[in-house]
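So this one's two forms of a single chain, laid out as C-alpha cells and tagged structure 1 and structure 2.
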Structure 1
C-alpha cells in the first residue's frame, strides 16, 4: 500500500476516481481556494460561526459529524488527485496535518467546557471546575501521567521516524536553490508575511509585537470572571482577539504556505499541478501610484506624474499610516471601545490599541495586495524605508 501511495504521489498511475464531475469539482475547489476568495468567504465565516455557535457545534454528535466530514474531505481528496496527494504525503507537510487535527481537538475541548460552564452560569449553577474535586497528588498521579505521556510520545516519534524518511535535501547550492524555497512549517506564517511587508517589518516589528502582545495580554484583559475555568461569555473580547491572531493570522497563513504556495511563490489550487515554468504577471503598484496616477490605473482620480520630491510623492501613504497608527486608537477610545477605555485607563488602553491596529494592518495589506496588487503604502528607497 505504501508503495502504491508513493507511486501515485510521484506521478505514476492515475487517480482512483475520475470523470467530468470530478474534474468540475476540482476546478471549482481550485478557483475558490485562492486567498482573496477563501479568506473572506470561507475562513472568516468559519471563524465567526465557531464563536457564535459554540454551544451547538461542540455537542459530541455534531463535533463527531464535523470531524468525519473534515477527514473525508481532507484525506479522501488523495483518491481523486495525485498532485494533492504529493503535497499531503510530503514528509515536510505531515506536521501540518498533525497541527490541524491537534488544534481542532484542543479548540473543541476548550469550547465544549466553555459551553457547559456558560450554560451553568446562566442557570445559576456551579461551574464544572468548581463542582468537581480537582485535587491531584504529584506522586503518584501526576508522575504516572507524565510517564505515560512520555512513553506514548516517544513511541509515536519512533514510528514516525521509521515510517517516513527524513525530509533532507541535497547540500545547499546557491546556484540551484529549491523552487519553492520554503521555511520550516512553523515559520511559514512568518514567510508569508514577507510577501506583504519588508523584512524589517515582517521579520522584526510584527514578531516582536506578537511577543509583546502575549506578555501584555494579562494587563489588557483584567476581567476576573473566567479566571481558572473555561468560558467564552465572560471573556469574549480577549478570546476573540487572541484566536483571530492565532487562527487567522498564523494557522491559516501556514495552510496557505503549505498547500497553496508553489514554485516561484505563486498561488496554486490544491488540485493544481505545480508548474515551475508558470509565470504569473504581477504588477507591483504603490499607494503613491494610485494617488497620483489613479485615472490611468483605476479609471478615476488624478493623472499626474509622480512628484520628484520623495516626501511629497509618498505623502498619501504617510498620512494613511499616521491615521492608522496615531488617530485610529483615539477614535476607538471615543466610539466602540469607550467603555473599555474608561475601565482600562489611557496608558493600558493605548498600548492595547496600538497592538490591535498593527495586527489589523496585516489582513488589510493582504487584501489590498490580492485585489489591487498594492506593494507598499510608503515607498522610500531613498531612505531604505518601505511599509
Structure 2
C-alpha cells in the first residue's frame, strides 16, 4: 500500500487534482503555512483551545468528529499534490505521521480522563471508587494484558516492516552532500532551531538544557497535587509549560523541519515545488545595527557608524541578554512567582527560572525575527559568540 503510494508519488511534478478552486486552496495553504502565520495564528490558538476547552472537546462525539476532520485534512491535503505526497510518504517520514496520530490520540485519552477526574474533584468525590482501588493479582490480570500488547505490537511491527521497505539511497559520497541535508526526523526540532540560533545554542546549549530541565523537573514542580491521576485543573501552570515545550517547540518544529524545509533550508509551503535554485535574500539585521543605525533602518534613533570596539558595539544586545537571563528571574521571584519562590527556596527557584527564561528565548527570538527580521541580539564573530 505504502509502496504503491510512493511509486505513484515518485511520478514527480504535476498535480493529482487541478482546477481554479484547488489552486486557490493551495495558494491559501501555502501562504498560511509559513511559521510567522501558522505558529501564532494556528498552532498557538489550537494549543490554547485544547487547554481551555478540555471539558468540551474530549467528549467522545466531539473528539471523534475532530479525528475525522484531522484525518481528512491531513491525508486529504497530501493527496492533492504529488510533490507534497512524495515528501510525506518518504519511508523515514512515515513515522512522523504515526507519531502525530498517536500523540493526538494519547492527548485525547489524557484530557478525557482529566476532565472526568476534575469534575469528580469539583463535586467533592474521590477520583477512584472503592471497586477500582482493590488489588488484583498480576497473574492473570496484568500478564495477560502485557501478552496481548506484545502480540498486537509484534503484528503491527511485522506489517509495517513487510509493507514499507527501509530507505536506502545511493552509496555514501563524502563529496556530494544532498540539498537539503537533514538529521534524523526526531532531531529536526533542533535543526529547525538553527534558523533562529547558531549551532552552539541550537545544537549544544538548548538540547543540553532540555535534558537538564527534564531531569530537574520533579524538583521544580513543588505542586503536590495531581500525583498519580490525570488532571488539568490542579496543575495548570506545569502542564501548560510542559505541553508548550513538547507540542509547540518540539513536535511542530519537527513538522516544519521535515515537511516544509527544502533546499538551502528555505521554507516551502506544502504545495510549493522544492526549487533548489530559489535564492532567498538574507535581509536579517543585528540588534547592534538597529541600535546604532536606527534612523536609516526604521526611521528613528541614532545614525552613527558602528563603534570599533566590539563590546561597545554589542552593548545593547549584551544588556538585553543579561537582563533576560540574570535580571528576569529575580524579577519573577519578586512579582508573579513570589509564592513559588517562597516554597522552592532561592537555589531551586533560580535553576528553574533560568531554564524557563532560556526556553522563552526561542519564541521571543522567533517573534523578533518575524517582526523586525532580527538576526542576532549579540553579534560577536570575534569570539564565535552569536546569540
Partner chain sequence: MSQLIRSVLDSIFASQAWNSIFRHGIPRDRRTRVMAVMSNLFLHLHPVAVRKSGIRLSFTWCMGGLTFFLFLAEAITGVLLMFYYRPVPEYAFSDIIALRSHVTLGVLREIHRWGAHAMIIAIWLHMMRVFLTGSYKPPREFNWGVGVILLVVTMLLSFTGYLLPWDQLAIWAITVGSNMGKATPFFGMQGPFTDMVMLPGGVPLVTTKSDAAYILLAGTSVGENALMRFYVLHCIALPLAAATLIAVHFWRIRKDGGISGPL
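By rigid core we mean the largest C-alpha set that fits within 1.5 Å across both forms. Everything numeric in this text was worked out from a predicted model, so none of it was measured. Numbering follows the first chain given and starts at 1.
The chain appears twice here, and it is structure 2 that represents the form predicted in complex with its partner chain. Core-superposed comparison between the two structures: the Cα of residue 160 travels 2 Å or more. For residue 176, the Cα coordinates differ by 2 angstroms or more between the two structures after the core has been superposed.
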